[in-house]
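Listed next as structure tokens is one chain, alone, in the form predicted on its own.
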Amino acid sequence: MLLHTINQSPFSNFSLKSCEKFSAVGDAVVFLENGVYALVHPNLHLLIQADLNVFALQADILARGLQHSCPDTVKIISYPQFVELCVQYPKQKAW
């Protein structure tokens, strides 16, 4: 099981697509920093349909005004919860 972190906007690079391509069932994805723009990207459903656990950092969502754009299938987490995920998934890949 792998924890994928995406910190760049999917509108400016291929991080979302690459993550979807190289992820496996049971992996988790965390959107942080500008990566939270994935919440409004048309390809977000690919990660959700791939049976991945999808998370987004609340502080970054709020900082970018996306609090009303988060799908129900994405779990909003705090920094302490992000640390817990890092412990739960010791293998990580940053996109």
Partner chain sequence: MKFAIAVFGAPYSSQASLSALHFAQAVTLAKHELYRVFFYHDGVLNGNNLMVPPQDELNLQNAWVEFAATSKSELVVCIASALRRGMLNAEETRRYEKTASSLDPAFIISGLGQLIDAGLQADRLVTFN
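For clarity, every value in this text was computed on a predicted model and none was experimentally measured. Numbering follows the first chain given and starts at 1.
Beyond what is shown, the protein has a form predicted in complex with its partner chain; the following relates to that form.
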Leu39, heavy atom within 4.5 angstroms of its partner chain in the predicted bound form: no
Cys86 within 4.5 Å of its partner chain in the predicted bound form, heavy atoms: yes
Close approach of Leu32 to its partner chain in the predicted bound form, 4.5 Å, heavy atom: yes
Touches its partner chain in the predicted bound form: His45 (any heavy atom, 4.5 Å): no
Residues in 65 to 86 close to its partner chain in the predicted bound form, defined by a heavy atom within 4.5 Å, in order: Tyr79, Pro80, Phe82, Val83, Cys86
